[in-house]
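What follows is one chain in structure tokens, specifically the form predicted on its own.
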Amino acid sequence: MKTDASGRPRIAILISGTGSNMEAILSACKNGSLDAEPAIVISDNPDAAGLRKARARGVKTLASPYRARVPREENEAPILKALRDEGVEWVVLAGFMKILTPGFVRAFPGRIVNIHPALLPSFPGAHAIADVLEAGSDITGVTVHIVDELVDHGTVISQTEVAIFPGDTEETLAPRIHDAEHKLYPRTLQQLFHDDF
């Protein structure tokens, strides 16, 4: 692992889709509010719009699709190799829709960060926004946490609340969740990387 010449930590951002949180992170790196060097953006989805967005910003990218009926460890191997080749210090999950194996997590102990669209430990899983609405809650939010070997688990670093309004649907609530994510994630990463907590 290494930092760049200015001492900024080299980070990898892992995505599966549009990369809206990735864009917020890259923008924060560019404007200086996040003191980090985006070394590479990696996606399991070769068609992810986020890959095109990253390339347009001049960031190195890698598409590493997962093959069916292949152990997860084999699917992760090219990603781990890229992280090591790029001297990545922190792995930032930004809508990466694959569950990491314990071996992957152990390769970067305490150095993998995730953002989740609910107030963990409530509503873990891939359908948190739908789940919180189905439960009839009047408040939800966003959680940034360190990734451990369990799903949507690990030390919570920061959270912010998002109100749920009467009549909200996934379509109306999701944009407010994303807006909160885009603000909280870069700010939390800056604090995490530079011990500002």
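A quick note: this is a predicted structure, and the numbers were derived from the prediction, not measured. Throughout, we count residues from 1 along the sequence that is shown.
The same protein also has a form predicted in complex with a small molecule, omitted here; what follows describes it.
- For the options Ala94, Ile79, Val105, Val91, the residue carrying a heavy atom within 4.5 angstroms of the small molecule in the predicted bound form is Ala94.
- Of the residues Leu119, Leu100, Ile115, Ile112, just one reaches the small molecule in the predicted bound form with a heavy atom at 4.5 Å or closer; this is Ile115.
- Proximity of Asn21 to the small molecule in the predicted bound form: non-hydrogen atoms within 4.5 Å are present.
- Taking the partner from elsewhere, Asp152 is found to have a heavy atom lying within 4.5 Å of the small molecule in the predicted bound form.
- Although the partner is absent from this view, Pro71 stays clear of the small molecule in the predicted bound form, with no non-hydrogen atom inside 4.5 angstroms.
- Taking the partner from the other structure, the small molecule in the predicted bound form has no heavy atom within 4.5 Å of any heavy atom of Arg10.
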